[in-house]
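Just the one chain here, laid out as structure tokens, in the form predicted alone.
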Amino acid sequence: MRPDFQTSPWGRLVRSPLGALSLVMLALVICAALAGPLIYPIDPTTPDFAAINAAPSLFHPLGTDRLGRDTLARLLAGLRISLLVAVVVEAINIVVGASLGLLAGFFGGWADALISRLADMLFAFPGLLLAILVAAVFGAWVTENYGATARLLLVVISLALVGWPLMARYVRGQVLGLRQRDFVLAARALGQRDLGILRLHILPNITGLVITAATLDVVNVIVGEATLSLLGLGIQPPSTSIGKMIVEGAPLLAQNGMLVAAPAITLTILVLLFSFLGDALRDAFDPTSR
């Protein structure tokens, strides 16, 4: 590796055993989810009436559910949905939350007051309560009028409402510290405009921290989506997700434990991988945090 890469945050991440292992394992999980229809070309919605609620076998490695649908095919499809929700929610958190936090921390004044009060209003709802409220109030209406795709979008919006204020507050705190640093004061003294300071001095110093915060927050999004599905407020049939598979398999746990064990273990692995990767990213971008 080149010396400049070795000393960079990404070089420190690669040299971290836990970070490198988490990154490789997560890449394998994502590849398995994306290539699922190619490596295991079984329709997750097509029932096999000759194998209703069947145990694992050669033709169905993880068995089937109460309708004869292949559990492995449904798990791969559910994994794609859960990862898609996590990626889109974090993209919204970065675009909306990080941008508003950047404006609030750098410019202050009325912008800071307005954004901070809006975030405080959303913080008044504990945990996932706001997401549950939005999904419960609008879920049935959205599904009836616009279909399953719109219901998936509602889940994304519900979780993003919970996530962006945390990102905004985090970025605001970082920017408040950076704008008082000597290199920013020197740039301002040399006559550099605000947009130039933001682009050349502030953004490069918070990009890694935002990536780290988003990676750690993926865990909350995945668990949040699973929670909404467990409450019947998330993804609706025929689509599925990891949480939806758990709630559908729970009544048959005594008869076919694989229906719950497979998605539950997958959910646990995802949470652990993103948690370990987030910790490694935090250490790589901020070595003093160790």
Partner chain sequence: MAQFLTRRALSLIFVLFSLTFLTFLIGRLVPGDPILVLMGPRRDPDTYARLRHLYGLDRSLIEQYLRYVGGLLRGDFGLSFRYEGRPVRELIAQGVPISLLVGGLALALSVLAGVPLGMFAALRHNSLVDRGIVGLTLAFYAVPSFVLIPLLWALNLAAYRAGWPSLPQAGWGRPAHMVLPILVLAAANIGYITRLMRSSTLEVLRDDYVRTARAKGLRERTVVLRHVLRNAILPVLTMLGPATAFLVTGAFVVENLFTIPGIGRISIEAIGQRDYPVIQGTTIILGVTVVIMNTLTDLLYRVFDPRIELE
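Positions refer to the first chain, counted from 1. Please read all numbers here as calculations on a predicted model, not as lab measurements.
What comes next is about the form predicted in complex with the partner chain, which does not appear here.
Engineer: With the partner left out here, check for me: in the model of the complex, does some heavy atom of residue 273 sit within 4.5 Å of the partner chain?
Structural biologist: Taking the distances in the model of the complex, the answer for residue 273 is no, it never comes within 4.5 Å of the partner chain.
Engineer: Is there a heavy atom of residue 13 no more than 4.5 Å from a heavy atom of the partner chain in the model of the complex?
Structural biologist: Residue 13: no, not in contact with the partner chain in the model of the complex.
Engineer: Is there a heavy atom of residue 262 lying 4.5 Å or less from a heavy atom of the partner chain in the model of the complex?
Structural biologist: Close contact is absent here: in the model of the complex, residue 262 is far from the partner chain, nothing within 4.5 Å, heavy atoms only.
Engineer: Check residue 267 for me: does it contact the partner chain in the model of the complex (non-hydrogen atoms, 4.5 angstroms)?
Structural biologist: So residue 267 counts as contacting the partner chain.
Engineer: Can you work out whether the partner chain is within 4.5 angstroms of a heavy atom in all three of 93, 107 and 200 in the model of the complex?
Structural biologist: Not one of the three qualifies.
Engineer: Choose one stretch from 183-191, 73-81, 152-160, 129-137: the one whose residues place a heavy atom within 4.5 angstroms of the partner chain in the model of the complex.
Structural biologist: Heavy-atom contact with the partner occurs in 129-137.
Engineer: Tell me, which of 62, 33, 247, 26 has a heavy atom within 4.5 angstroms of the partner chain in the model of the complex?
Structural biologist: After the contact test, the surviving option is 247.
Engineer: If you apply a 4.5 angstroms heavy atom cut-off, which residues in 206-224 are near the partner chain in the model of the complex?
Structural biologist: Only 223 sits within 4.5 Å of the partner.
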